[in-house]
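So this first bit is one chain, no partners, the form predicted on its own, shown in structure tokens.
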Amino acid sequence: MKTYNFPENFWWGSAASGTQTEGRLPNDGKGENIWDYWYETNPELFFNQVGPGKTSQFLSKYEEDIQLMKKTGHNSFRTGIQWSRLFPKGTGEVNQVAVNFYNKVFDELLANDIEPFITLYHFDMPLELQKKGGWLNRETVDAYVAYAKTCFELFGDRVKKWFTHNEPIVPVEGGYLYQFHYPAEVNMKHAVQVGFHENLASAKAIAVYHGLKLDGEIGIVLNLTPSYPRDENNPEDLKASQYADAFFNRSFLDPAVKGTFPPKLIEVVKELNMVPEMEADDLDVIKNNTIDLLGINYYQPRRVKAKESAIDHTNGPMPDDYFDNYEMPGRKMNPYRGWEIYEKGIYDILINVRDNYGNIRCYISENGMGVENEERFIDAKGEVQDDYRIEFVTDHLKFVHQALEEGSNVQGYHMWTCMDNWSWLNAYKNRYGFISVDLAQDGKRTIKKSGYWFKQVSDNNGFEA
């Protein structure tokens, strides 16, 4: 047995999002976002046709949930403000019902010694803005900055950790390349423009936050997926991994931390004549407004090899034209999610940030294991015996600890998620939480074995394994 001790004031907790947890109540004033609309128009796309209407009912159960956070060892919790709740049309009048709700949530968290970490955008584009193009439209950048400024002014006296975006590559991939988010296009030129506007919006919001001289910090949350070549000694495999890294990691990591875009990405968009539309000072805005703090979401590695398959020209250029995915023999899998489990990836990310990104202060903002049909593991007391989740988190934390010992500036670990929540098109197919949610019993909460275990980890600021 080895003891793994973590620094004093390490952030222990979990992450969620407004759209995935809050739900709707009569007269709550929330406007429609793209998920509400997509479910209304295409409910068959959602697992078991479960939409975002009720989700985990955080809107009405937040007090109970915050008590459960205390019981599961949280000293911090990341969630988000729903843009379409605060501004029902994306712009215009503020919804006072939403202001009251978020005030109560932040006050309740702080009263229970749980620090709120707040995300401003987590895939939830207001429908009225999407009708005008969403992130394709420059006006959305201005609307987002106005929304962010309102949040800072309303809640910045209590919220000291802000994040401009959660996983901004996902609206690019899902909405404009691989069709798992609305508007489900396949159009790389649009994908490039959307990515640029998200980067610009982030930088402009950071400028506003710093300009307000508030007593806090602002960052971004990126899902960093290490791109490993099939053969490190094969120059073509190595080149393929560098392209994948530029598309899916460095496209947001470099501008957020360094204020510049990666040369390989610039090379590709120029070659394809896909340089995004921009105004004269946009690159300076991005250059001069970098983050204070980096959130890192890690779930799986990306393994790639030199392009061997035929290029599919059906929809024009795609990132996949530059590499093929590679299935490593003997890999360990989460069979429910179809993702490889590779714990060392979390260490490799932290060391990369240490060595190539100025060792910026960072934390693991998401890491977790989704499992289908968890009711199989409920014991006689009604508690989910999720030893597999304890093992998953333990094995990742060992590598976080190793990175710490080697000088990484990692400040905390948040698991995805606190209580089981709705997960976009997957709805409740896979469960991720420290706390189970029984949809058949009005969202009844029960702490899982992993939740009690995490409380011990937090209390001891470490564990033995």
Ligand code: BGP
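Counting begins at 1, following the sequence as shown. These figures come from a predicted structure and were not determined experimentally.
In what follows, reference is made to the form predicted together with the ligand, a form of this protein that is not presented.
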(Q) Counting heavy atoms only and using a 4.5 Å cut-off, do F123, E366 and W416 all touch the ligand in the model of the complex? (A) yes
Q: Let me know the one among R138, K160, R337, R354 whose heavy atoms come within 4.5 Å of the ligand in the model of the complex, would you?
A: R337
**Q.** Contact assignment for the ligand in the model of the complex, among S408, S423, S436, S56, heavy atom within 4.5 Å
**A.** S423
(Q) Using a 4.5 Å heavy atom cut-off, which of 292-300, 273-281, 152-160, 94-102 contacts the ligand in the model of the complex? (A) 292-300
Q) How about T19: is it within 4.5 Å of the ligand in the model of the complex, going by heavy atoms? A) no
(Q) When the contact criterion is heavy atoms within 4.5 Å, does S227 count as touching the ligand in the model of the complex? (A) no
**Q.** Y432: touches the ligand in the model of the complex, heavy atom cutoff 4.5 angstroms
**A.** yes
**Q.** Contact of T72 with the ligand in the model of the complex (heavy atom, 4.5 Å)
**A.** no
Q: Counting only non-hydrogen atoms and a 4.5 Å cut-off, give the residues of 151-177 close to the ligand in the model of the complex.
A: N166, E167
